[in-house]
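Take a look at this one chain, the form predicted on its own, written out in C-alpha cells.
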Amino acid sequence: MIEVQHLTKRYGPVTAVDDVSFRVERGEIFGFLGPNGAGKTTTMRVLTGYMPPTEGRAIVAGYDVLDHPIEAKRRTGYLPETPPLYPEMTVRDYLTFVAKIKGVPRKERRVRVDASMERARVADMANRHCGKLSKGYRQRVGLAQALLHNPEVLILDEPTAGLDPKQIIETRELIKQLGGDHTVILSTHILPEVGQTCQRVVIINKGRVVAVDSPENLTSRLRGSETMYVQVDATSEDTKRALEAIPGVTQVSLADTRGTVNSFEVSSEAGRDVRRELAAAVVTRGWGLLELRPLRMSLEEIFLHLTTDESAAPPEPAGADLSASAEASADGQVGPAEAAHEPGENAHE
C-alpha cells in the first residue's frame, strides 16, 4: 500500500532524510519512531506530496507521489504536526469547506462531516470557532479532516500531541479501529504510542533507518537470546546449579534474594523455549515456583539502544551542527508565507 524507496531529502548542505526505505502493507498500523529532529516529519511531508524528495521514490496506494500527485492525495488523509485550521471558521464550516475541496459529493457532505466529528470526538464543538479551541481540540479537528473522505491511507504526524490522558486513550482506540479498513502510518517520538497501537515499527535516527520490525522481534534480535525470569522459594546455590544443568540454558544469574525466595535471570539459546524444563526442574525437587515469565527489553530500551549506540547510528552528516535547526524548520516550524497556504494545501491531503 505504501512503498518508500531510497528516499533522500536535503536542505542545502544538510541531509534531513538519508536513503530511507520501508514498505507498509494494506490495513497495517505502522509506527514511525525517532527522536525529535530525526527526519520523521520530513518523510511524512514527502509521502503526502507536500514537498518533493531530493532523491528516491514514494508510492502511495499504487501511485507515485511525484508522477501522479493528485491520485495519491485523493487516497490519503493527512494529519500534520500542526493542524491546518482557519481560526475564523467554526468547526462545522471548516470541515464542510475541506469536504468540498476533497471532492466529497454535495449530498454526502453533511453525513461525512457529522461522522468525522463523531469519530474524532469533536461534535460538541461543531459551532465553536477553530481559533478558540484548545490545542487538544485543534488536534482532534485535524484528525476529523483527515478522515472526511474515507481515505485508503492515513498519515498521522504526532496525533496525540497536546491531548489530555483521556483524549490520548480515546485517540489510540480510534487508531486501532482504523487499522484494517485503512493503512495507517503513525509518526511519533512517544514510545507508548507505538507499543500500544502499532503492529510494526521503523526506527529512524539522524535521518537514517536503524531498524524495521515488530517490537517483539526487535527484542529478540537485540538480546540475541531468550531470557526468562524465574522466582523460586529454595536455596539459591541449589537452584542455580539445577537451572544451569538444563539443556539449552546458557547462563543463570541471581537477580534478587529475599530470605529463602531467590530470583534468577535464565538465558537460553536463541529460539529455544525452556519454560517446561525450568518448571519441571523446580517442581520435581519440591521447591516453590513463584514466578516464571519472559524477560523482554522494553521499547524504551530498544529505542535508546538503537539511537545512542555508536555502532548502530550512522556517521554524522556534513553540516551536522546545523541539522537540529534545519530539521526544526522542516518538522513543523513554517514561515508566515507558507502558513498562509498550508490549510488549502493540506486539505487536499
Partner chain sequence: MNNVLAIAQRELKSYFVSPIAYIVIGFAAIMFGYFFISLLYYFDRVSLQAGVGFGGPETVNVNEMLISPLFLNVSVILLFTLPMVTMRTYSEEKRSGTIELLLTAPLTDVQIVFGKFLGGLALYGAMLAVTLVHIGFLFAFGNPEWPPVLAGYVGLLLMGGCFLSLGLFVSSLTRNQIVAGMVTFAVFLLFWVINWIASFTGPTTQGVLNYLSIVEHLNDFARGVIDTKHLVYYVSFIAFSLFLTVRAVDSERWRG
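Numbering follows the first chain given and starts at 1. Small disclaimer: the values here were computed from a predicted structure and weren't measured.
Here the subject shifts to the form predicted together with the partner chain, a form of this protein not shown in this document.
K.L.:
Consider residue 92 of the chain shown here, and say whether it contacts the partner chain in the predicted complex, taking contact as heavy atoms within 4.5 Å.
P.N.:
Because no heavy atom of residue 92 falls inside 4.5 Å of the partner chain in the predicted complex, the answer is no.
K.L.:
Find out whether any non-hydrogen atom of residue 84 is located within 4.5 angstroms of the partner chain in the predicted complex, and reply yes or no.
P.N.:
Yes, residue 84 is a contact residue.
K.L.:
Considering non-hydrogen atoms and a 4.5 Å limit, does the partner chain approach residue 40 in the predicted complex?
P.N.:
The answer is no: residue 40 has no heavy atom within 4.5 Å of the partner chain.
K.L.:
I'd like to check something about residue 53: if you look in the predicted complex, is any of its heavy atoms closer than or equal to 4.5 Å to a heavy atom of the partner chain?
P.N.:
Answer yes; at least one heavy atom of residue 53 falls within 4.5 Å of the partner chain in the predicted complex.
K.L.:
Would the partner chain in the predicted complex be within 4.5 angstroms of a non-hydrogen atom of every residue among 232, 240 and 290?
P.N.:
Heavy-atom distance to the partner chain in the predicted complex: none of the three under 4.5 Å.
K.L.:
Which one, 183, 145, 139, 197, lies within 4.5 Å of the partner chain in the predicted complex by heavy atoms?
P.N.:
By the 4.5 Å criterion, the partner-contacting residue is 145.
K.L.:
Among 273-281, 76-84, 165-173, 186-194, which stretch sits within 4.5 Å of the partner chain in the predicted complex, heavy atoms only?
P.N.:
Partner-contacting stretch among the options: 76-84.
K.L.:
For 26-50: residues with a non-hydrogen atom within 4.5 angstroms of the partner chain in the predicted complex?
P.N.:
In sequence order, 45, 48, 49, 50 come within 4.5 Å of the partner.
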